[in-house]
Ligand code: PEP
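A single chain, nothing else alongside it, follows as C-alpha cells in the form predicted on its own.
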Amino acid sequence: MPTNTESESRKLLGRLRDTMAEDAAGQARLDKITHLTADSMGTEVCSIYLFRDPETLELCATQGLKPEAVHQTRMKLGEGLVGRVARTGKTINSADAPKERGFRYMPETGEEIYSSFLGVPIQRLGSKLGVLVVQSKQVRQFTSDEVYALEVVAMVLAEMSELGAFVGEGAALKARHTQSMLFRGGTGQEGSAMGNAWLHEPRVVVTNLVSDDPDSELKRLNAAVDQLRVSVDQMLAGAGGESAEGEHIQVLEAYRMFANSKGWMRRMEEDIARGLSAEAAVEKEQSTARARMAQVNDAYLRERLHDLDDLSNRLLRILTGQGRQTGAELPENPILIARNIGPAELLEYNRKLKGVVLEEGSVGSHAAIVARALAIPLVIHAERITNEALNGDQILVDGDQGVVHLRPDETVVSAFRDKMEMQAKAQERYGSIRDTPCVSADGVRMNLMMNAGLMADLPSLEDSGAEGVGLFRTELQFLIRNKMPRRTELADLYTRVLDAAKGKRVIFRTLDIGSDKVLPYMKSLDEPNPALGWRAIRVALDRPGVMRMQLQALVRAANGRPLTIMFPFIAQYEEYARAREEVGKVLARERRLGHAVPEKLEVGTMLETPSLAFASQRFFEEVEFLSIGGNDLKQFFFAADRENEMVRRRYDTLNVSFLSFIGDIVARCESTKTPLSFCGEDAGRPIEALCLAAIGLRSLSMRPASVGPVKSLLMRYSLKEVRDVIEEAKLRGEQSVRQSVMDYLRDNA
C-alpha cells in the first residue's frame, strides 16, 4: 500500500485518539468522529447508526444529513442498505445506492441527493454494535483503500464503545455492560440458581488502540508471536510430540499452523502500518474471524475459526500482560460463564459453583455430565454471553427453561426469588418423606435409585432418599485425566464409592466411551455418525485390555463384598456373552492370585438399542438384570439425534408407540423374571416416571434432586388408574398420552 495512504490513515487514527482523550460528552465525541471521517475521506456525509435494541438501528450522529434526523431516524434489522449491512455483517459499496436491492429512502434525512454509499459494520468480537456509513454526491465506487480506512474507523468506534467513550445523553448511548439482558439457550441440566457471574476466560481490554510508531509496534507484535509459537511448540511436545495421536494433538497442530500463517501476520502488519497498535491489529483480525464464524455452517471450518480465535486470545494476553489470573476473587455464589469448558477444568472449581452457562456445549457433553454430577443447573447455547457479562454481574440461571437473566431488574429478581423459594419449600416437603418407602396409592412398591459418576455425588445418596446407585458412570474418571488411570487408582476410587454407599447397592457401568465421550489421550476416529459407531462395549471387546483392567479394579475394590457390574450399549446376545466371559476370566485370575472375590456378583447390561429388546429368549434368561438406557434408546427409536436441538425435543417420551415398546420389554422381562429398571433423564421427570411405573417398571434411576419430586407424585396416585388412562388414550388413537395423564392428575389433585 502507498506510503501516503498509510500516512493519511495514521493521521485519521491520531485525530480519533485525540477525540477519545477529550473531556467531552458521548454525543459530542460521536459528532466529532463523523466530521473527522467525512473530512478525511473527502465525502459529504458520514453517519453512525447504533443498535437501540437487537432489532432496531438508530441514527446517532451525522455529518451531512439533516441534524434533526439524529435520534429520530430508525430502521429495523435488514431494512434498507444500512439494515442489510447490520444483518449480514458485510460491507456494501455502491456507486448508485438508490438502484441497489433493498434501498430505502428516508425523506427526513435529506439523503436523496447522495448517490454513492459505503457502509461497514461496527462490531467487536462477533457482537454487532451498529453501522458506519459515508455517502457522496459523486457517482463513484469507493476504492479498497477507502473501504479499509472506514473498516478501521469502525473498529476503533467499537473499541471506544466498549470502553464507554460514548456514554451520555441520547437514547442509544447507554453504557455497555450495564443493561439487563435475556439469553435463551438450551437446558443442559435442570435447576435454578441466583448468583454472580465469573468468567472462565476474563475479557482482554485493549486501551491503546492507536500508535504513532509502527516500527515499535511491529517489533512488539513479532516478539509476542515468537513467544506464542514457542508456547505452542512446548504444548505439542508436552502432549507427546508430533508422533502422538489424538484429537488434542490435532488442535495443537492447527494452533501451530495458524501461529506460523504468513497471511495472518501480513494482515496484522498492514493494520499496524496504517496506525493501529499491535493489540488493536490482533483484535481486528479476531473480530473478522468471529464475524466469519457466525456465517459458516461447515463444522470443520467453524472449529478452525475457533482455533484462530483461541490463538488470538493467547496473543492478546501476551501483548497486554492480562493473564487468566487477574487477581480477582471468586464472587459469592459464583455462576461460571464460558464459551465451552472441559470436565477437568469444571471439576477444579469443586462444589463452589451455583450454576454454569455456556455459549456452546450439548446435553451429552462432558460439561453436562459433570454438571449433573455436581447437581448444578447448566444452560447451553447462550450465544454471546461471554461478550456481555462482567465478573460480579448479578445473574439468574433457569436450567428448567434454558433461560439466563444477566443484570436483571428488580421485578425479575423478585419473581425468580419467589420461584426458588417455592422450590426450596417443595424440597423441604420431599425431605419429610426421604426415609419413607415409595409405595403408590394402590400399594405398589417402587425402588428409586440415583445416578452418579463422582465421589462428590455420594453424599447425595443419603440426603436424596435414594435406595442405591442405579448407575455409576465410571468413564468420568477417565475423561477428567490427561492420561489413562492406573488399576490401583481405580481400585482405590471404587473402594471409596462402595464404602460411601454403606451397603446400599451400587451398579457400576463399565467404560462408556466414544460418540460424544472421547478420551483426550486416545486417538479419535472421524466417524460419520459416532452415536452409531465404535463406542462403549464395541471398543471394550475390540480392545479388551482396558476392560480387564477395570474389571480387576472393581473386583479388588469389592474385596469380598457384593458387586454389581453393568455393560453399556449391548446390541446383541453375542456381545453380552463375550463380555460376561471376560468377567469369568478376571475372577479366575483373581482367585489364582489369592485375592478375595465378591460374595455375590451380578452382571447385567443396559438396553439402549431396539435390537436388544428382540434378543433371543436365552439372553433374557441368562442376563441377571437389565437397565433401559432411556436417553439412547429414545434417540434410536425415533431416529432423532439427542445432540441436535432441532429434533431432540420433537418426539415425546409419552408417545404411544414408545410407551408400547417399553411395555413389550417389561412383558418379556416379567416372563423370564429378569429384574428391569429405567435409567435416564425421563426417569427423573415426575409425569414420565409415573407413566413408566404405570406400565410396569418397578425401578427407576435418576439424578439425586429428582428422587423427592418423583417419590412424592408416585405415592399420591394409583398406578392402576394411571394405566387405565394410558390404555384409554391409546384406544382413542392419541399420539401421546401426556395430555390425558395431565388431565387425570388435575382432576384428582
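Don't overthink the numbering: it's just position in the shown sequence, from 1. Model, not experiment: these values are computed from the prediction.
Keep in mind the form predicted together with the ligand is missing from the figure; the text below concerns it.
Chemist: Out of the stretches listed (602-610, 274-282, 93-101, 432-440), which one is close to the ligand in the predicted bound form, meaning heavy atoms within 4.5 Å?
Modeler: Contact criterion met by 602-610 only.
Chemist: Wondering, does Arg556 line up within 4.5 Å of the ligand in the predicted bound form on heavy atoms?
Modeler: No, no contact at 4.5 Å.
Chemist: With a 4.5 Å heavy atom cut-off, would you call Cys679 a contact of the ligand in the predicted bound form?
Modeler: Yes, Cys679 sits close enough to the ligand in the predicted bound form that at least one of its heavy atoms falls within 4.5 Å.
Chemist: Pro598 near the ligand in the predicted bound form, any heavy atom under 4.5 Å?
Modeler: Taking the distances in the predicted bound form, the answer for Pro598 is no, it never comes within 4.5 Å of the ligand.
Chemist: Counting only non-hydrogen atoms and a 4.5 angstroms cut-off, does Gly629 reach the ligand in the predicted bound form?
Modeler: Although the ligand is absent here, Gly629 would touch it in the predicted bound form, with heavy atoms inside 4.5 Å.
Chemist: Suppose contact means a heavy atom within 4.5 Å; in the predicted bound form, does that hold for all of Glu359, Glu388 and Ala389 with the ligand?
Modeler: Heavy-atom distance to the ligand in the predicted bound form: none of the three under 4.5 Å.
Chemist: Quick one: of His405, Lys128, Arg642, Arg84, which gets a non-hydrogen atom within 4.5 angstroms of the ligand in the predicted bound form?
Modeler: Checking each option against the ligand in the predicted bound form, the one that comes within 4.5 Å is Arg642.
Chemist: Quick one: from Glu159, Glu475, Asp398, Glu146, grab the residue that has a heavy atom within 4.5 Å of the ligand in the predicted bound form.
Modeler: Only one listed residue qualifies here, and that residue is Glu475.
Chemist: If we check the ligand in the predicted bound form, which of the residues in 496-512 reach within 4.5 angstroms of it by a non-hydrogen atom?
Modeler: Read in sequence order, the residues that approach the ligand (within 4.5 Å, in the predicted bound form) are Arg509, Asp512.
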